[in-house]
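The structure tokens that follow cover one protein chain in two forms, given apart as structure 1 and structure 2.
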Structure 1
Amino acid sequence: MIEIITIGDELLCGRTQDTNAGMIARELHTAGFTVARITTTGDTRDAISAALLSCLRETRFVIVTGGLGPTEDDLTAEAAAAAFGDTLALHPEAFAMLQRWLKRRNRTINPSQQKQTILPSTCTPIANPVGTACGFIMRHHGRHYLFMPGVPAEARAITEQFVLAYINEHSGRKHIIRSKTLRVFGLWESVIQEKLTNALNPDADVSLGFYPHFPEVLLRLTAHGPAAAVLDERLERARNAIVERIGEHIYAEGDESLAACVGKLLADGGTSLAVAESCTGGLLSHLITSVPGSSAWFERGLVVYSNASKTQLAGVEETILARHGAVSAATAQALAQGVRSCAGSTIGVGITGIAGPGGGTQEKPVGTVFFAIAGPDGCSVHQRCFSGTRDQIKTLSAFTALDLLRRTLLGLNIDGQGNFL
């Protein structure tokens, strides 16, 4: 049996959502393990020690997150030492891990960071691939206690790269775990579930996990067993079954972002891009320039929020704005064609819309967004009507622009795709 303990006063008062427990439980479930109990406790030594010692009798593995940082209220290492009759000391292996991590970033250890290397003397450190606080393992009364930082990105990285394999090995199962991640944009989780009903063979021992990460959904296929070749074959069959149902909405596999996917298509085609965006306020350009090497294919991005800027920077004629309005198909087309012309790029993208919460009308409600993609073969214009908060509408708009561009470059269907109404 497995238990999860999350530590933090901010979790108990509701100031911070406990995403770690859910993430760890999902990862364990898809790997074929069962979580018996999840406990949350505060940032005091006594509370943490009590939680560590109050596990169920049948529990063999306890996964603990939180309280390993550099501040005074990070007391997990001290509480673990007290609970298990150990003492704290600067751990040379943990210190060396921290030194290597900082050296790669041309930094040196400061006193607060060094605190993260003061651990129970009998523990075994766990490397942290994305942060300074290493985790550690302790054994007590036949149980394995695996301690990790509470920062969600660090907890996820250690869970995926270490914890699952450790539990698999020490549980006696000794199975190989194989997984494959498919990245989906344009369908909500509920729609994906409906479309994938009965898609997978229940006898294939492949589990499918849904991981919504607004505005996209990650699908994780996981299989475990003694033979790697058999698992890979099962995963490939499951992947193909999913692709058959929702293939046009799967933009990548693994860790590739939508912007990186588009960038690869542009680079492979020797194609350059420029964008003129209004309601997204530069978010599309931000996503694009977050991709390393995007300077090879991204020429420029204009934030044309006011009507004056649309005219002065992107060359939108005042008569278009007066006749059709700033939020219109005609303005989106003029933006795309104008930025393409002034940048000398192969493709131009224009976005204009109403992100809200005000500004909507009966004819053009909040969430109305027009997109245009101008290229050597002409200009296509597309309208969407999103719902959600201002930030959600902006994010959906930027991602939709990328997806429209992806579909254009691949020659896929554009009109009518998605389920964001």
Structure 2
Amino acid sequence: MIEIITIGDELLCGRTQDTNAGMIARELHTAGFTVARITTTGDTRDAISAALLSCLRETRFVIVTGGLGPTEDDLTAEAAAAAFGDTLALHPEAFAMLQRWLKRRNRTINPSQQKQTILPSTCTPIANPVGTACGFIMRHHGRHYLFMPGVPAEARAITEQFVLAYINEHSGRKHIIRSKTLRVFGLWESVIQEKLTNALNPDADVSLGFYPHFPEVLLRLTAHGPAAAVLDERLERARNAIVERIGEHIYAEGDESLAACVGKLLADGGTSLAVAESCTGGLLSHLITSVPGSSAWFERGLVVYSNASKTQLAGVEETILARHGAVSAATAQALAQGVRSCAGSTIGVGITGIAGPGGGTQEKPVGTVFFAIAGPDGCSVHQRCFSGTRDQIKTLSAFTALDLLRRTLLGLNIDGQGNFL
């Protein structure tokens, strides 16, 4: 088992966000190792010593960052020596390493750099490819303690160039980890959980994690074992079992955003898009244009906030607004058809609704949104009712529009989209 300890008062008062622990954890996870615990402690010698000595019983590797700099509050080497019954001394190997590092840069050693070579006498130094503070290894009660500076670039370089190989060599391990991410929109976490009850064969030895990422949910399948081919086959079977239950809600695998997925479908089909949005206020256009290269398929967006703009820009007839209201199926349809026609695009999307907090009525409460997708084969109109804050309703509406586009382009059943029930 592996633990990470990060040291620094600036982490405990929230002034600096600790990114080292996450970086090391990610590198180790990708390499197939599991981190059991991360501890952040303060700068005092006692706190550091206590953290070093209170590892979990099964821990074999402890990765420590921080407190190796040249200033007086850098006490990690002193604390390690105290914890493990060692003494500090100028370490000849570390000193020679530092001299070589400086010489390559035509610099000479100064007193505060020299302090960084005063290390526990029994340690083994670790070269720092990008800075003057070297790391070091200590062994205690069968554990390997690997100490690194807290400067993120230095911690990263030492992790990549030394720590991973060291742990791999000393772990005697045989197995690896493979994982797969499925991206879901349109169902809340609790509903997915219900739909996937007993979907995975417990003997299949694949674990399933849920990661809500509003308004989406990411599903992560993970398998451990000795042979990559076996794991990939297990993951594929687990993936298929999930796709069988909620396949149409899975818009992509891996890192692809919903807007990128829609962009790819549009680009592949040589299809162009224009949108006229009211309650989403530009967010749909923003998501679409967040994808690099989107000018290839996105022609224009109209943010038709006033009634005059709906009429002038998208040609929505005043009689429609008067008879059905600006928030209505008829207006959504007129917006989609109007923007498609004025832009000369293959597809037009219209959105109109009430994002709140004001503007709701008994008949059309806050969260009521109408969507229309107009294309060469006609126009479909859809109504949803969301709950949440103004920002949440805007976000749910923009993502719903993207998902309606995805379903339309793929020929999927749109009524199956669900309404976050």
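Rigid core (definition): largest C-alpha set, two forms, superposition within 1.5 Å. All residue numbers here follow the sequence of structure 1, with the first residue given the number 1. Since we're looking at a predicted model, the values are computed, not measured.
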- Task: Assuming the other structure does not fit, state which one is the form predicted together with another copy of the chain.
- Result: 2
- Once every C-alpha goes to the better-fitting superposition between structures 1 and 2, are Val191 and Ala79 in the same rigid part? no
- Task: Give the rotation angle, in whole degrees, of the smaller rigid part relative to the larger one between structures 1 and 2, based on C-alpha superpositions.
- Result: 35
- Aligning on the rigid core, what is the distance the CA of Lys174 moves between structures 1 and 2, in angstrom? 4.4
- How many angstrom apart are the two C-alpha positions of Leu98 between structures 1 and 2, if you fit on the rigid core? 18.9
